[in-house]
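Next up: a single chain in structure tokens, the form predicted alone.
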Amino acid sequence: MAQQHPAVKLTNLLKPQIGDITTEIEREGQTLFGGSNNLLSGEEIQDFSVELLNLFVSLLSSKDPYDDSSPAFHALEIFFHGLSRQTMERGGRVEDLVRYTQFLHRLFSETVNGDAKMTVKDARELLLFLSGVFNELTMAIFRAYLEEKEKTIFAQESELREVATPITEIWDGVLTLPIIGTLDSNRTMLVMESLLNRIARDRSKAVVMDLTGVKNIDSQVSHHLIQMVRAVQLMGSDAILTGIRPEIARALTSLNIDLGDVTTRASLSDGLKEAFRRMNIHVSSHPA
């Protein structure tokens, strides 16, 4: 008579206790994700508890339960990854997901240890198998956690780009770009990308770039700045630089940056007047 595979023995152990085990899984899910936490509804917890147990039994019943590249293992891994993402998107903590995984590991290990008929060899093999499975599932949780973090960081970077490049359409066809703070190479490239996209979108005819708030400038940034002006011109818009302070002017001169064919004005107000003049826009004040 062929000897039963340890995984088959575990399946046979679980089947008579399936109702009690499902109840325990639901109860732990309710403690960590339901109730006062209110991350998942009672129905959601019930559904994922049943699905989890079915996927685990499917893994045990598969051709090779120890193969972590098998479809059955992959399905269990995808389930944990999806549960982790869903929970964290609703404000759940990665610590609670890890605690849940540890609970499941403990629950199945106790089932193995509670069988008096199982040999020491089979029990040891199954406990090692369970450790391997739940280590991989913990990794799936952390992968989901890192993905959520990356999404958050990307969203924050997008917000920072918007704040760092406050491009405003001051008039139909006239954009203003006040640049404030340190203008390093990375930020210059971000500003250029946002500006050119905005010109293309709005079909702007003039861009007034105000440098009043720029603290310092280096040779690389100077060249990027000139490239930005040239790119604006290539897109059919007039580029007007304003607010070049004396120290920035001296730096540009010492770096041999030629602004001879670039329109400059002392202030943002003067730059806007120049942009309006070129577009034949006449703005007049009327007494109240």
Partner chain sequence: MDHTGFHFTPVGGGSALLEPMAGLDIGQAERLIEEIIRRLQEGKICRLYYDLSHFPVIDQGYFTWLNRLAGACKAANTRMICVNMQPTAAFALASLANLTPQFETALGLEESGKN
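The shown structure was predicted, so the numbers you read here are calculated from the model rather than taken from an experiment. In this text, the rigid core denotes the largest set of C-alpha atoms whose superposition between the two forms falls within 1.5 Å. Residue numbers count along the first chain shown, from 1.
Absent from the display: the form predicted in complex with its partner chain. The rest refers to it.
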Open item on the list: Can you tell me which of 93-101, 132-140, 195-203, 211-219 lies within 4.5 Å of its partner chain in the predicted complex, counting heavy atoms only?
Closed with: 195-203
Task: Whether Met189, Ala231 and Ser237 all lie within 4.5 angstroms of its partner chain in the predicted complex by heavy atom - done: yes
Open item on the list: Please identify the residue among Ser61, Ser70, Gln227, Thr253 with any heavy atom within 4.5 Å of its partner chain in the predicted complex.
Closed with: Gln227
Open item on the list: Using the rigid core as the reference frame, would you say Glu44 shifts its C-alpha by 2 Å or more between this form and the one not shown?
Closed with: no
TODO: Taking the rigid core as the superposition reference, indicate whether the CA of Ser222 shifts 2 angstroms or more between this form and the one not shown.
DONE: yes
Open item on the list: Please determine whether the C-alpha atom of Lys15 is displaced by 2 Å or more between this form and the one not shown following superposition on the rigid core.
Closed with: no
